[in-house]
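One chain is shown next in structure tokens, namely the form predicted alone.
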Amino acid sequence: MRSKDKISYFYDGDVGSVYFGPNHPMKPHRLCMTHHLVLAYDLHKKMEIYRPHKAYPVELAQFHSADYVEFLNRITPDTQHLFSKELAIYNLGEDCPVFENLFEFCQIYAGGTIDAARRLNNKLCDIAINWAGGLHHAKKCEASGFCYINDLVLGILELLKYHTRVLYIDIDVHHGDGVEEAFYFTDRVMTVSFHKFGDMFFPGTGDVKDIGAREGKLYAINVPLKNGIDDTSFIRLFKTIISKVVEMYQPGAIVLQCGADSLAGDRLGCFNLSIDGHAACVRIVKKFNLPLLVTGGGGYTKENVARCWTFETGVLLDTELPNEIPDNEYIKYFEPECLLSIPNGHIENLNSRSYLSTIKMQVLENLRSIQHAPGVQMQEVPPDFYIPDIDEKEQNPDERMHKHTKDKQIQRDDEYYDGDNDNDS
């Protein structure tokens, strides 16, 4: 057991000030609400807080195609009417609108996850948190499901420089399709997603039968669930599967996507999880004592998102939080009760014991078939923070982890702020 986990937490107030547009369910303002709740509970005093660097276009192109990154950098609400063909190619539109400061928003949330991975790699912390990250639907060449840049893939690529195997776990109500797809053909990343599946629910992927291919066969795990799953069923299933995954796969690091749209009462969700139930997954993963990168994700009832991620910050800090929410700038959003807990969900639980048992047996059967921790020859570890030469942007994606030059922007001491020194309010 480690004596006391050292936690690094990444936040930039600018990330919460962007606006996807009227009637769009994604409200980045939830990140400001979360941060102020973290401050109100004095959790910032127990961890190091950093403002992430803004990821450079060439860093984003370690996964995404250079032309897609360049387009995101160039497009603005005022010029989008000139690019209708490109908007269609890159899947920008109703779900993924072009808004003011879109690219900077991507640079900040992706920079946070990249910085989190780098601090873990350099053993500067045991757990790194970036609630602004977790945008798991973005693909190599296109936006999807409110996600433009896949920070999780970029963070995992960073971790793979120091770790032979990385485990990705996703408890968002939606399938983690972008991350699964990125690593579908490799055994160096195991992806495990617990999500709603069926009834044309977005994104429509994540069947239990989807298990990876080629070298990655059996290294993608999908746990498809029906409406209304409750704490007891979810936690039991999560603990059984994840314990077996860690035992069989022996990862060097874990990335945990904590999408809060799996909570009861979410505007787009259909599960019955309480904040305690959701956080139980965080507790389970923390107990493995492996380097851990924690991100946000979905979550569309924003006061509950703030409650959840603040509570889970407390869990990661081994700090129990009083149920009564302290006074803070956003207290009116938590009225009238001003409590951290949320009401129980009332969606009928369609996950029968026999259904969950069948899913569990299929997953465990697949896990038994994998070699005990696949052997991967570690190549020479590339330099820590790097930017490829400009003429290398079109490099083969299989080579993308090897051509890096130094990025001096990681972790400046003057970016630490504490309580009253938080200038991002």
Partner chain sequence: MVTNGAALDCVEIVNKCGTMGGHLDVDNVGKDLEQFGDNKDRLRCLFDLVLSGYLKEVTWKGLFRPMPAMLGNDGQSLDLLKLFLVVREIGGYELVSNEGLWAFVVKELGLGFQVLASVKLIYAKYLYELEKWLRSNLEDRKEDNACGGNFGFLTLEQEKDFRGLFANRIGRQGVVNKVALIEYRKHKKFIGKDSKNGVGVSDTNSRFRLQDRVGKVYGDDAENECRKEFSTRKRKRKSLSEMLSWVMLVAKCHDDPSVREILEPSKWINHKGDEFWIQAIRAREALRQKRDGHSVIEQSPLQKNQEMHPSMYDDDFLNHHFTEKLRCSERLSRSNSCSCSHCSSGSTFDSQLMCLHRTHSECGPKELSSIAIDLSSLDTSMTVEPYGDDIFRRQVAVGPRFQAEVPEWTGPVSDSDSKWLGTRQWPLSGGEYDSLAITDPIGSRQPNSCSCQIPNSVECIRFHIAENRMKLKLELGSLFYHWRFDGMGEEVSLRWTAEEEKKFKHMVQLESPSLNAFWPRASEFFPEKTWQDLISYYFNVFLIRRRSYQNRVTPKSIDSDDDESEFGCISDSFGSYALKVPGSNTLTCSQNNQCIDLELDEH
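Residue numbers count along the first chain shown, from 1. Note that the structure is a prediction, hence the values are computed from the model and not measured.
Unshown form predicted together with the partner chain; subsequent notes refer to it.
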Under a 4.5 Å heavy atom criterion, is Gly155 part of the interface with the partner chain in the model of the complex? no
With a 4.5 Å heavy atom cut-off, would you call Phe238 a contact of the partner chain in the model of the complex? no
Touches the partner chain in the model of the complex: Asp210 (any heavy atom, 4.5 Å): yes
Would you check, heavy atoms only and a 4.5 Å threshold, whether Cys141 touches the partner chain in the model of the complex? yes
Option touching the partner chain, based on a heavy atom within 4.5 Å in the model of the complex, out of Ser274, Asn227, Thr164, Ser233: Thr164
Picking from Leu356, Val58, Leu367, Cys32, the single residue whose non-hydrogen atoms come within 4.5 angstroms of the partner chain in the model of the complex is Cys32
Sort through 246 to 254, 280 to 288, 310 to 318, 261 to 269 and report the only stretch with a non-hydrogen atom within 4.5 Å of the partner chain in the model of the complex. 261 to 269
Stretch 113 to 131 - residues with a heavy atom within 4.5 Å of the partner chain in the model of the complex: Asp115, Arg118, Arg119, Asn122, Leu124
